[in-house]
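Only one chain is shown below, in structure tokens, and it's the form predicted alone.
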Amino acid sequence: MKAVGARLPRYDGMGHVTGHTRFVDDVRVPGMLWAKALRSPHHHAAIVHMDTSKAAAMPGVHTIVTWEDVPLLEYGHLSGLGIPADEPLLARDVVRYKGQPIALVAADDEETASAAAAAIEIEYEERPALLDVRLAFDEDAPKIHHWGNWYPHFEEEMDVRQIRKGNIDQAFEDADKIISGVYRSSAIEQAPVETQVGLAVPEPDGRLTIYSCTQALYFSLGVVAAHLEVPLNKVKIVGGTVGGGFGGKVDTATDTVIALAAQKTGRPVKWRWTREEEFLASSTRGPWHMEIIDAVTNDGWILGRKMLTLHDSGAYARFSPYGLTKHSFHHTGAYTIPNLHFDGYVVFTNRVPSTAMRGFGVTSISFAGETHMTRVANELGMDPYEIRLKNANRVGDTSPNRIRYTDPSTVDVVKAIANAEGRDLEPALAGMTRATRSGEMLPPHLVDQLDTSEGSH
């Protein structure tokens, strides 16, 4: 308990500021080869023909890994949770985003590997690309994914993540005003100081040791072993100090392919992405398109919300179904709205596949929800603090998926923000607490959503 509230030095701080911290890229082993990838120059194209013989014959080239070398070509990080895999480790017949890896060259040095990757003879048949989620549902939209243009494997094989709560039709009938807004967030590259990097070392006992910058060691261990079709005890992953990840290094970007190259050559193989590759081909925080329609009263109560979300997953699913699920559970934000109608789609486009980034799925709706709350306040001519405090989650209120709130912080946070801005709230607002609703804070439309049982569910 002596540490609570105390200023303690970081255990790794001295190494960071003196430059002595060892990152994955600092690991060197004797006989190490360097890897470079052949990547797609197109957003969407069929691979008509590929010939690696000329590149393989170049001096200093030790192996070229293609899809034919992968024991299990498709395996996803969430396959173990029942989310089907859809992304090949290396492209087979088609490329679906610019920068998608097709082959990996392992050579004596990076320059030779780059030259060999460029020397691979490949012929493409370019196809129409889909780059806007809003067009994915059009009849004439390009078909870019073998499942269709949106993810179809939610519970009971539904193609939409849905939330239904209360009576949305009655809420809109009872409303004084209907206030709508459309909000979009763009893709964001995590831009870690350390790019994607990994080193695979074949051991004398037949095991593989992989030095990895992954943020998720056990995810990566399972993914590598599954692709290679070997038991988990045949792979050892050594996590290094991660030079920035923020969610972008959960995708096991390098580890499996270099493991295959190490198996083929019997030599250690290292793959270090350039900064250009990081921006071109690493997964990003995905874009979101969010449409909100609220049924509100003139005195600032939100009776109901209809919402449509389109999440741009990029060319493959990866973690997007999970991200959209989190998004749906949080789509009312910090506020209690009793009547809900939410539809969310994971939409495929020919962009780089998206993945996690700080608050995956939640930051997008926080941006949209708070922006919309201010819009509602402006439309009603109300103080934006008042409308937030009235509708704020309180003890006993229930979430969109009917979970009872036991320790909500919305009221305290809103009041703290007002104080930080130097706003003097009216006594009625300043005196509000997160206590279970009663009196004026329990209008008829909120009675049925209230859960007065003790404890959490």
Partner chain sequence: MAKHRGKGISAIEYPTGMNQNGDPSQAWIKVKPDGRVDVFSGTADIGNGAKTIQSQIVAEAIGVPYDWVTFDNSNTDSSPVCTGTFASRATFVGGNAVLKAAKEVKLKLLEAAGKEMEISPEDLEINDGEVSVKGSPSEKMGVDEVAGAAAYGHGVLITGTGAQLKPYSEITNSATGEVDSPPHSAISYAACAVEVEVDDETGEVLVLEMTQCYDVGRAINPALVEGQIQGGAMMGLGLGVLENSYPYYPSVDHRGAQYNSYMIPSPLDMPKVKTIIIENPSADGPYGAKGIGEMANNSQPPAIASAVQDAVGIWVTEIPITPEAVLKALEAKNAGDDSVRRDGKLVSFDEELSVNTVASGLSWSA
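Quick caveat, the model's predicted, so the values are computed rather than measured. Positions refer to the first chain, counted from 1.
Below: the form predicted together with its partner chain, not depicted.
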Considering only heavy atoms, tell me if His227 and its partner chain come within 4.5 Å of each other in the model of the complex. no
Could you confirm whether Ala416 comes within 4.5 Å of its partner chain in the model of the complex, counting heavy atoms only? yes
4.5 Å heavy atom contact, Asp12 and its partner chain in the model of the complex: yes
Hey, in the model of the complex, does Arg437 get a heavy atom within 4.5 angstroms of its partner chain? no
Contacting member of Met382, Ile122, Val94, Ala334, with respect to its partner chain in the model of the complex [4.5 Å, heavy atom]: Ala334
Report the residue, out of Arg375, Lys264, His153, Arg272, that has at least one non-hydrogen atom within 4.5 angstroms of its partner chain in the model of the complex. Arg375
308-316, 196-204, 109-117, 67-75: which one contacts its partner chain in the model of the complex at 4.5 Å, heavy atom to heavy atom? 308-316
Verify the flagged residues Ser185, Lys236 and Asp412 against its partner chain in the model of the complex: is each one within 4.5 Å by a non-hydrogen atom? yes
Across 355-391, which residues bring a heavy atom to within 4.5 Å of its partner chain in the model of the complex? Met357, Arg358, Gly359, Phe360, Val362, Thr363, Ser366, Phe367, Glu370, Thr371, Thr374, Arg375, Asn378, Glu379, Pro384, Tyr385, Arg388
